[in-house]
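Given as structure tokens, the chain that follows is alone and in the form predicted on its own.
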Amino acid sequence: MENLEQLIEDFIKKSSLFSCVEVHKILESTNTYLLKNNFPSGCIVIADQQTAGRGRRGRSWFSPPGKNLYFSFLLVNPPLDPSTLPRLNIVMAVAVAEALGKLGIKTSVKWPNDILINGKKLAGILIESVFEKDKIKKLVIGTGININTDHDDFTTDILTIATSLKIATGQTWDRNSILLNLLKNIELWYNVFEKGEFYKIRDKWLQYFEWKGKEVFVSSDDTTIFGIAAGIDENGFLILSLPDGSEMKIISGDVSVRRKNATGN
């Protein structure tokens, strides 16, 4: 990622959201680094490799060196109501999907925070916060995108559920260009969010949500709920149409689409 720091610094000079940047060869996790250290609001941390990258629910994130994008940014004392935090997953998913779309890459979104290509995971978002009383003191938004990972880089079990831009398109991509375009898109959609126009973001997200109208299972802890994915509400919660005709709003959980068996049932 040569000259990346200078490229980002030039971009930051005109940015209303981002303020500084650090680029590292290796970190435990870009989210963890920002949470453990004191940085000004808007600071971006990028790593070429993570030794302990994390996804939702404490899952590990595969983070080999020299292949992909791993970055996080920090907001200090953001003027946000804690109840609006679930919306940020939707904001970030739209920013990533649209940035890739501008490169001619067709993606879809999986609630709440995954970006897919051909049904396999390409990117994930991890949002973590530190509270002081009932206010958000620190908000860290992290993103991992598989860019140039090869088939041989993935273990067999990961390859069944994950992919990369290189695998999906058959070409090598410039990580710096993708990151710069993505940061511009994040700023654009975050500004829409700050203006209180989440409905615009929700409408855009639904354009990428290919599971709308499909039968899905939602798993959380020891509970699994079956229904039809109907979309998301004004808070970013998943709306599930249940077999009895009622609707349920899902705040958190893992969603999987119902697969038909060989007989079509």
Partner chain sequence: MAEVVAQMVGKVWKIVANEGDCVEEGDPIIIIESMKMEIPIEAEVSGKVTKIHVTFDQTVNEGDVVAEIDEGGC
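Residue numbers count along the first chain shown, from 1. Predicted, not measured: the structure shown is a model, and the values here were computed from it.
There is also a form predicted in complex with its partner chain; it is not shown, and the following applies to it.
Peer 1: To verify the annotation, which of these, S256, S16, S246, S252, has a non-hydrogen atom within 4.5 Å of its partner chain in the model of the complex?
Peer 2: Looking at the other structure, the residue within range turns out to be S252.
Peer 1: Check each of S164, N185, S72, N113 and return the one that places a heavy atom within 4.5 angstroms of its partner chain in the model of the complex.
Peer 2: By the 4.5 Å criterion, the partner-contacting residue is N113.
Peer 1: Although its partner chain is absent from this view, report whether T51 comes within 4.5 Å of it in the model of the complex, heavy atoms only.
Peer 2: So T51 does not count as contacting its partner chain.
Peer 1: I'd like to know whether S108 contacts its partner chain in the model of the complex, with contact meaning heavy atoms within 4.5 angstroms.
Peer 2: Residue-level check for S108: no, no contact with its partner chain.
Peer 1: Can you check whether P82 is within 4.5 Å of its partner chain in the model of the complex, heavy atom basis?
Peer 2: Heavy-atom contact with its partner chain at 4.5 Å: present for P82.
Peer 1: With a cut-off of 4.5 Å between heavy atoms, is G227 one of the residues that contacts its partner chain in the model of the complex?
Peer 2: Contact with its partner chain, no.
Peer 1: Are all three residues P64, D157 and T169 in contact with its partner chain in the model of the complex, where contact means a non-hydrogen atom within 4.5 Å?
Peer 2: The answer is no: none of the three residues contacts the partner (heavy atom, 4.5 Å cut-off).
Peer 1: Counting only heavy atoms and a 4.5 Å cutoff, which of 93 to 101, 187 to 195, 170 to 178, 129 to 137 contacts its partner chain in the model of the complex?
Peer 2: Going by heavy atoms within 4.5 Å, the stretch is 129 to 137.
Peer 1: Using a 4.5 Å cut-off on any heavy atom, which residues of 211 to 245 would contact its partner chain in the model of the complex?
Peer 2: Sequence-ordered list: S220, D221, D222, T223, N235, G236, F237.
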